[in-house]
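In structure tokens, the next block holds one chain alone, the form predicted on its own.
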Amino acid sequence: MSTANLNKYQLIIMADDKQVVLERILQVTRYRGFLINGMNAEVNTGNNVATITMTVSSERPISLLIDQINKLIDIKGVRVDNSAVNNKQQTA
């Protein structure tokens, strides 16, 4: 897989604060053929919701990954925010 032809996406994932959630997300990402370029996870202790920001790249459509992550039991929602990715590519 040539890195020059890869599309980059930034996903923002809201999930229940459970230990196994991050492992499941990583597994699904790998199985669907996406490379993880970066990740940040934070927990809101007030409502026990984790926010995971993940930058991935692949030649595949992002909808394949989003659909599979949404099927995981502890996921509350997934959205794509490419504004940060596009800004980095323009400044490079």
Partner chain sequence: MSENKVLTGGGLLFEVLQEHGVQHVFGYPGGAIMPIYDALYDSDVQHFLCRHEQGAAFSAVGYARAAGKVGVCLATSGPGATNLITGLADALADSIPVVAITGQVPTAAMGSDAFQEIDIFGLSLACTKHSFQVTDINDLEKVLHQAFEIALEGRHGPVLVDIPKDVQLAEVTERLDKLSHLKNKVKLPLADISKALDLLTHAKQPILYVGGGVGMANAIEEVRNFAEQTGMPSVSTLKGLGAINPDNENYLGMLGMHGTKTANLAVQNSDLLVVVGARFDDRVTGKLDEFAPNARVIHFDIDTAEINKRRAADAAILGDLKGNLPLLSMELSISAWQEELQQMQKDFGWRYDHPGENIFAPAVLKTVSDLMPDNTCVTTDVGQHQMWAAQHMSFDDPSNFLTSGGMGTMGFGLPAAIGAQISRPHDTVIAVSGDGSIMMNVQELATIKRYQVPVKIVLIDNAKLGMVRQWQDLFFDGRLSETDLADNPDFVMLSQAFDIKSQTISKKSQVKAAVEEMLDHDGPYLLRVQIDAKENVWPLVPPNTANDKMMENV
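All values reported here derive from a predicted model rather than from experimental measurement. Positions refer to the first chain, counted from 1.
Missing here is the form predicted in complex with the partner chain; even so, the following discussion is about that form.
- Contact annotation for Q10: none of its heavy atoms lies within 4.5 Å of the partner chain in the predicted complex.
- In the predicted complex, at least one heavy atom of L72 sits within 4.5 Å of a heavy atom of the partner chain.
- Taking the partner from elsewhere, S83 is found to have every heavy atom lying beyond 4.5 Å of the partner chain in the predicted complex.
- Within 4.5 Å of any heavy atom of the partner chain in the predicted complex lies no heavy atom of N37.
- Residues D16, Q19, V20, E23, R24, Q27 of 9-27 are found to place at least one heavy atom within 4.5 Å of the partner chain in the predicted complex.
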